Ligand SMILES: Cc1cc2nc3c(=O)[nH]c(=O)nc-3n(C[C@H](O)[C@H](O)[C@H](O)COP(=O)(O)OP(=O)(O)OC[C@H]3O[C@@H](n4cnc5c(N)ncnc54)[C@H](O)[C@@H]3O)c2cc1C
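Presented as C-alpha cells, the chain that follows is alone, the form predicted on its own.
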C-alpha cells in the first residue's frame, strides 16, 4: 500500500520532506511503479498554496515554477523562450503536459528528457529548496547520470531561472513519432545572427546522446563569429559528433544517433 501525503504549504512540505518521495505530476513514477518500483510514501506537491507562480519575469530572467504544470508555465510565458515552448509542444501528450512539471522532468534525470536541452542551452539555473533553505545550481550540473541528481532526499526543485534572449532559439528532436515518444536524439540552440549572417553567443545542447545532456562546446567554438557556410557547418557537425557518446538500444543504434545529431544541427542552422 502507498501512503500519499499532500502538504498545503511550503512550511508543511519542509516538515515532511525526507519522509517519502516527493512528486509533482508523477507521470514518470507511475510508469516506473507499474514496472516494479516500490514506493511506500509519496509527497504530492501540486496543491502547495504558496508555491511559486508559474512564470514571472524579473531582471531579465524568466523564473519558471518547477512545481507548476508545463502547460501553465508555457501559457504564462506568452511567447517568450520559444526554445522551451518548442520542447513542450512535443513533450508527451496534452494530458501529460497538464500534469507533468519541469521540476519532475529534471529530477527524473533522463538523458532523453525533452525539457532539459533547452534549459542547458539557455544556461539556466535551478533553485533547490529544502529544510536547510535554498541553493542555486546550474542546470547542467544538476544531473549526474541517468536517474541521478545532486538533490538530497529531503530537497526538491522550486524554480528554474532562464535568462531571456533576443536572438534565435529552438528545439528539435527525432522520435518514433511527433509526440508520445522518447527522443532518439534532441537538439536545442541559442544564438544571435547578424545582418551579415554571422553567429554569436552560440549555445548548443543535445539530449539522448550521452548519460547526461551534452553542451557541444567544440561545435559552438567553430560556429562562433562565423557565417554558417557549408564548410563551417561541416566542421561544426564533425566536431559535434566527437563530443557525444550515444549508445545503441532498441530505439536506435549508436551510429544512427551520431548521424542524426549532425543532421539536427544542420537543420537548426538552416531553418532558424
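Everything numeric here is computed off the predicted structure, so don't read it as measured data. Numbering follows the first chain given and starts at 1.
The next section is about a form of this same protein that is not shown, the form predicted in complex with this ligand.
Three-residue site 37, 90 and 156 fully in contact with this ligand in the model of the complex at 4.5 Å by heavy atom: Yes: each residue has a heavy atom within 4.5 Å of the partner.
Region of this chain that lies against this ligand in the model of the complex, out of 184-192, 132-140, 113-121, 78-86 [heavy atom, 4.5 Å]: Careful reading of the contacts points to 113-121.
Partner proximity in the model of the complex: residue 55 to this ligand, non-hydrogen atom cutoff 4.5 Å: Residue 55: no, not in contact with this ligand in the model of the complex.
This ligand contact in the model of the complex: residue 22, any heavy atom under 4.5 Å: Yes, contact at 4.5 Å.
is_contact(residue 29, this ligand) in the model of the complex, heavy atom dist at most 4.5 Å: Result yes; residue 29 sits at the interface with this ligand in the model of the complex.
Distance check, residue 202 to this ligand in the model of the complex, heavy atom within 4.5 Å: Answer no; every heavy atom of residue 202 is more than 4.5 Å from this ligand in the model of the complex.
In the model of the complex: members of 93-111 within 4.5 Å of this ligand, any heavy atom: Counting only heavy atoms within 4.5 Å of this ligand in the model of the complex, the contacting residues of 93-111 are 96, 99, 100, 101, 103, 104, 105, 107, 108.
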